[in-house]
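So this first bit is one chain, no partners, the form predicted on its own, shown in structure tokens.
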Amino acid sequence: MNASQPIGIFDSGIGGLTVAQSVTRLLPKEQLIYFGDTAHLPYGDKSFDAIRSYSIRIADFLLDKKCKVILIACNTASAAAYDILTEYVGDKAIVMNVIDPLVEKVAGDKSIQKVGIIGTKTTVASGVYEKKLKDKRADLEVASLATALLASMIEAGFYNNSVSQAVINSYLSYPDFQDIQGIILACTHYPLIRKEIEFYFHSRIKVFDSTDIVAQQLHDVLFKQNLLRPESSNMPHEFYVSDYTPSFEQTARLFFGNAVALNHSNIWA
């Protein structure tokens, strides 16, 4: 590995572009290669075995692109495939996920005695957040809720409006959330509804999402290993999807904050 190599980021679709956007803000000199597995989305209702298989194939694609980092910008894939992908990739690249940085941040906040978690069905069912949080702080109380409608709602463009607020309010009225001091947004789609979540709680609790937290950890890891690119790359960012429709490109703009030209790369062909 060397500092001039790009950073690879992948997700089940385009939600991970929220993480990619934060990475570009914090690390503007780096080149990104993003892969969205739109042919298999959503991962939230897939088996762990299927997600691991997809993740290994995507890792091969990013390794072929000479990426120095493979960042799993998907909570479901992080829960299902991080360990096996770390072993598979070995020393060819640094493998990172979006769960561990959030766990470290929340567990280190002593003002939080009880935390809520919202995410996909598979992420919540895995119990990965609860286990990792308890490993860090046995005294921390955790309440989790699968919020299956939120990701598809956001991709359909329903956020920051009365429809989305009604759906969010319905989920967040979950009785176990009534006495939380913080909530983890365990899906990379959810930063787009962060303001609505804060509104529901009247900003009285802390809201944690993976965008800036993960980008900061990526910076720290690259700095420690002397892999930060010293000069701005003259190579443009590259964005790939395994299945292309014009609507994906339109939605990608919502998640990345700028126009994104998606390249179709069916790595299963």
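In this text the structure is predicted, and so the values were computed from the model without any measurement. All residue numbers are counted from 1 along the displayed sequence.
Omitted here: the form predicted in complex with D-glutamic acid (DGL). The next part is about that form.
- Would A151 show up as a contact with D-glutamic acid (DGL) in the model of the complex if we use heavy atoms at 4.5 Å? Yes, A151 sits close enough to D-glutamic acid (DGL) in the model of the complex that at least one of its heavy atoms falls within 4.5 Å.
- So in the model of the complex, does A215 come within 4.5 Å of D-glutamic acid (DGL), heavy atom to heavy atom? The answer is no: A215 has no heavy atom within 4.5 Å of D-glutamic acid (DGL).
- Message: Taking D-glutamic acid (DGL) as it sits in the model of the complex, is C187 near enough to touch it, meaning that at least one heavy atom pair lies within 4.5 angstroms?
- Response: Close contact exists here: in the model of the complex, C187 approaches D-glutamic acid (DGL) to within 4.5 Å, heavy atoms only.
- Quick one: is F35 in contact with D-glutamic acid (DGL) in the model of the complex, heavy atoms, 4.5 Å cut-off? Close contact is absent here: in the model of the complex, F35 is far from D-glutamic acid (DGL), nothing within 4.5 Å, heavy atoms only.
- Query: Can you say which of 134 to 142, 118 to 126, 159 to 167, 83 to 91 gets within 4.5 Å of D-glutamic acid (DGL) in the model of the complex, counting heavy atoms only?
  - Reply: Of the stretches listed, the one contacting the partner is 118 to 126.
- Residues within 4.5 Å of D-glutamic acid (DGL) in the model of the complex, restricted to 62 to 82 and counted by heavy atom: Result: C74, N75, T76.
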